[in-house]
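To begin, one chain is listed below as structure tokens, in the form predicted on its own.
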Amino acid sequence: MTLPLNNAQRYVPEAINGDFRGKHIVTVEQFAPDDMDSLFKSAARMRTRVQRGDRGLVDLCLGKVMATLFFEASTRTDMSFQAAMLRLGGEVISTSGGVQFSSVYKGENLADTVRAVGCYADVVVLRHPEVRSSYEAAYYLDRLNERLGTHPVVVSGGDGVGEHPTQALLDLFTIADIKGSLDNLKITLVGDLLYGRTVHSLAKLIALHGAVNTTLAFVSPEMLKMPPAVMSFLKSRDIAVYETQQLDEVIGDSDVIYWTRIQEERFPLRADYEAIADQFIVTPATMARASDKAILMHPLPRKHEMGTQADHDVLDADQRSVYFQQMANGMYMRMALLAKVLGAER
């Protein structure tokens, strides 16, 4: 659901500009190329330290508290943030049983809920169904900071159909990590590009990084094309974009194939959904038409957009499928981001 913007939702977040300390993280537009590269290097270091069992990690956020405030169900985002904070030596608090048992369902608004949580935590991870809800949270946390002299920050875990900045960061890190560079790539995004907040953020982040000679291909049904605002953003940064409804036009020379689910529940008529649904299912036969050097990504969870369980098993065994690497990288990226915004790592 998208509501009219109020003063809080018009909040303009501070650019990272080489210093993450005390910054709210609500949009990929806060990041410059150097900020991304610094974060990617930090995530790679976190991965190495975790894999070698470095006990010094638990000193980085010792004494810090992270609160998770999820108004929408989540497994990967929620648990990866929690695991990230615990591996850094911090503590995690959350509403017992989820927000359905919290003061929100007694009528409390987001502004008051976020400020209450901000009284207890150093960082608040927020997932909410309204677009720009994280902007509103940042605005009211700043007002709390002015009053109490504290400095809790908010990190967006996804806001409606708007953005999912940490997902985009881990996705781009995965691409750069596997491909060695973000230059000279054809990155193909497939499926629900209208409502998919992960692809909105990823497309914008690629543009902000300034990758050289990299092309974005968007494959979707006409009614689920990338939103005009995202297209304008890409155009303003001279990003080459190709739109089509036919995967076969682009799959053969794609370096990265990023698959998303066509959301059946978004269609007013089931017949409209059934007319296009089978065109946006990735199976082993689909990947047989892709390059041997391509990688297959997916933000997960997956449903019928990857076919049957038998198809899942074959795709999982394909060396080009990297969605579980994406998932693992999510924790490392969030470790790096938490350490930086809390001032534990430069």
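Residues carry their position along the shown sequence, with the first being 1. No experiment lies behind these values; they were computed from the predicted model shown.
Not on display, but discussed next: the form predicted together with a small molecule.
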Inset, instruction - Mind telling me which stretch in 38 to 46, 54 to 62, 316 to 324, 298 to 306 gets its heavy atoms within 4.5 Å of the small molecule in the predicted complex? - result: 298 to 306
Legend entry - Contact of residue 167 with the small molecule in the predicted complex (heavy atom, 4.5 Å): yes
Legend entry - residue 75, heavy atom within 4.5 angstroms of the small molecule in the predicted complex: yes
Inset, instruction - Verify the contact flag for residue 127: yes if a non-hydrogen atom of it lies within 4.5 Å of a non-hydrogen atom of the small molecule in the predicted complex, no if not. - result: yes
